[in-house]
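Starting off, we have a lone chain in the form predicted on its own, written out as structure tokens.
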């Protein structure tokens, strides 16, 4: 199990050093919530703020979500676990942030827990990675020896369904949606302002929590994230009615990886698959 207390100590130490030296103006990390199972995203802007930083097994928020809230050129340090670092790579590729303005505080960790259930988060709602893909400072020892599980194993039962069963499955699931948009708020790749669903000219879909509008919202969002989802699972954990949003994201991610030979946010030198063209790309998507 990861040494959460040591990671917290190192996070505070590096945050203090960076703020004192003026290398960054803000450190994005975590602070205590109403209890230890519900830590909150936190922006430390001064040395005095550092005492509020925490890190434990419930610090699941993807802090890359907040990078786009700062003006371009802001020097930011951000705590990144494996999936969070993939989100940073994706945001750099999409030119929402610049690498030279970031200090990535890498957190190698496993054994994170879902605050709703207390269960250890596994590859159902994550990519199964333990170490950050990209970092400047590592806040603990790299994790080795953990069982490697494909993030797509969870799709076996879903992929066994025929198309009618899949349609019925998603209709039943999405009918539960109350349109709180927690999934959108939790996602580091949902940065469009305004979101298509908030536009009135043209009006894309009904915002009321009814079946046709729910389907329109989620299917459009699923496809906006094609080749971009970095498998942090935050959308599913944020959902108050427990819609398994991760299943659709993983299915699309699997097909993108099979067709284009890359997963989102794994290599800084990659280009996002749906904005790049290579002669050898599969044409399966057109079938």
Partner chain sequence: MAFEPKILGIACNWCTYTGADLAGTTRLLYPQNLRVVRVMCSSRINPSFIFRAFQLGADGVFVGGCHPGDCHYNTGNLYARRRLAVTKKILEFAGLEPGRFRVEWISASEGNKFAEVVQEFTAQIKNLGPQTKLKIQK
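Positions refer to the first chain, counted from 1. Given the structure is predicted, the values throughout are model-derived calculations rather than measurements.
This protein has a second form, the form predicted in complex with the partner chain, left out of what is shown; the following refers to that one.
Participant: Going by heavy atoms within 4.5 Å, which of 208-216, 106-114, 128-136, 78-86 lines up against the partner chain in the predicted bound form?
Facilitator: So the stretch in question is 208-216.
Participant: Pick from 159, 100, 142, 119: which has a non-hydrogen atom within 4.5 Å of the partner chain in the predicted bound form?
Facilitator: Looking at the other structure, the residue within range turns out to be 159.
Participant: With a 4.5 Å heavy atom cut-off, would you call residue 273 a contact of the partner chain in the predicted bound form?
Facilitator: Result yes; residue 273 sits at the interface with the partner chain in the predicted bound form.
Participant: May I ask you to check whether residue 170 falls inside a 4.5 Å heavy atom distance of the partner chain in the predicted bound form?
Facilitator: So residue 170 counts as contacting the partner chain.
Participant: Can you work out whether residue 281 and the partner chain are in contact in the predicted bound form, taking contact to mean some heavy atom pair no more than 4.5 Å apart?
Facilitator: Looking in the predicted bound form, residue contacts with the partner chain include residue 281, since a heavy atom lies within 4.5 Å.
Participant: Please run the contact check for residue 55 against the partner chain in the predicted bound form: heavy atoms, 4.5 angstroms, yes or no?
Facilitator: Residue-level check for residue 55: no, no contact with the partner chain.
Participant: Sequence order please: the residues of 218-248 with a heavy atom within 4.5 Å of the partner chain in the predicted bound form.
Facilitator: Contacting residues: 219, 220, 222, 223, 226, 247, 248.
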